[in-house]
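In the block that follows, a single chain appears as structure tokens, in the form predicted alone.
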């Protein structure tokens, strides 16, 4: 029965952190609303945010959650390795443009065109992240600085080529739209008028499963985690730390290249400032932190952030509360989770030390 008690205690303490984080978020957000000066009250905010979403909003929540989850996994691969890949935003932006240009050229028949465009997006994201990896390994440049700089350079490159080789359509410049043979029909559970759930959103499921299997069931995943925990100890056991840095960054950038793929083939069909969804990479970083870089935790985080973002449209219609309050809520949630998990971790460590201290005297006397 001892193991059952320990398992129950571990589960209980594991649930404490999310509950504390939720409580802190609710209290802090309510305080912000109360001092914001809006005519609508705290109750109006939570009534709208916690109300059942409309059919079209539900579709948007599912689609956005898939994109955020892919971005979170891309960041988490680096985090689990002890690397801070802050450049997911730039990696998926550049990858999306390259994939859109190739797909719009229709150089191959429909299915092959889709497959090759996806592969090119993955390779582009990996290559862009690889720059930071090479600079870190051979020049000792922090990946944080490098990826932040690459975040700024990527959009400049895209804008240059888009302005030079794109097509002028009204006030927008876009890549050549893909042909209908490369469109991927989605699923419309609430009817076509309420939008489609992108079929390639299943990439998020595959990415999540692959992430879990890589870290928990493969030698490469063990080497990545070991290097992240202690590069010195990993090197002593024969693991090449420099190689792991490069591999982790390439994997992270490759996954980042998939972020916008479901939306491109499912609805956008061309790349322009009007169709491209930005800031998914930065939000993905927050989702990864919220989910503690765990596959299941990030799924919850992606759904939560997507829910808050999509419900903010209803907030603007039904209340006079600024939609920026939702962004504040998201930020508070991440901070609250980090603080709560740190508190729980310290409590667990203290409990384990007390348990060992209680057992040692008995063992010595025996």
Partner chain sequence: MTATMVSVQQRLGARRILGLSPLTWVLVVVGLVLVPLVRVLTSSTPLTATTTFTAAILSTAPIALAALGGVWAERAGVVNIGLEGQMLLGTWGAAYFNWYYGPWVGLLGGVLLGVVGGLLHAIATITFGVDQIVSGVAVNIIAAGAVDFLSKAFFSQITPNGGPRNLSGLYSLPTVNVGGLDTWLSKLNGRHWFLVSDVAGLVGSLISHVSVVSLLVIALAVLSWWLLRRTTFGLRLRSCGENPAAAESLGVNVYRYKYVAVLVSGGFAGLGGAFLTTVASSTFTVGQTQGRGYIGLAAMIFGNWNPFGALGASALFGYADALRLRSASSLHALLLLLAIGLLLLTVWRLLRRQLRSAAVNGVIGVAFLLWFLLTDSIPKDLGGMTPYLVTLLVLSLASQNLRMPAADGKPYRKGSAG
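Because the structure is a prediction, the values reported are computed rather than measured. Residue numbers count along the first chain shown, from 1.
There is another form of the same protein, the form predicted together with the partner chain; it is not shown, and what comes next is about it.
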query	finding
Heavy atom distance at most 4.5 Å to the partner chain in the model of the complex, all of 113, 119 and 296	no
Heavy atom of residue 327 within 4.5 Å of the partner chain in the model of the complex	yes
Partner contact for residue 203 in the model of the complex: the partner chain, 4.5 angstroms, heavy atom	no
4.5 Å heavy atom contact, residue 138 to the partner chain in the model of the complex	yes
Touches the partner chain in the model of the complex: residue 59 (any heavy atom, 4.5 Å)	no
Candidate stretches 60 to 68, 46 to 54, 334 to 342, 306 to 314, one within 4.5 Å of the partner chain in the model of the complex by heavy atom	334 to 342
Listed residue that, although the partner chain is not shown, lies within 4.5 Å of it in the model of the complex (heavy atoms), from 184, 247, 286, 197	286
Selected contact from 127, 188, 108, 157, since only one has a non-hydrogen atom within 4.5 angstroms of the partner chain in the model of the complex	157
Any residue of 23 to 46 that, in the model of the complex, places a heavy atom within 4.5 Å of the partner chain	32, 36
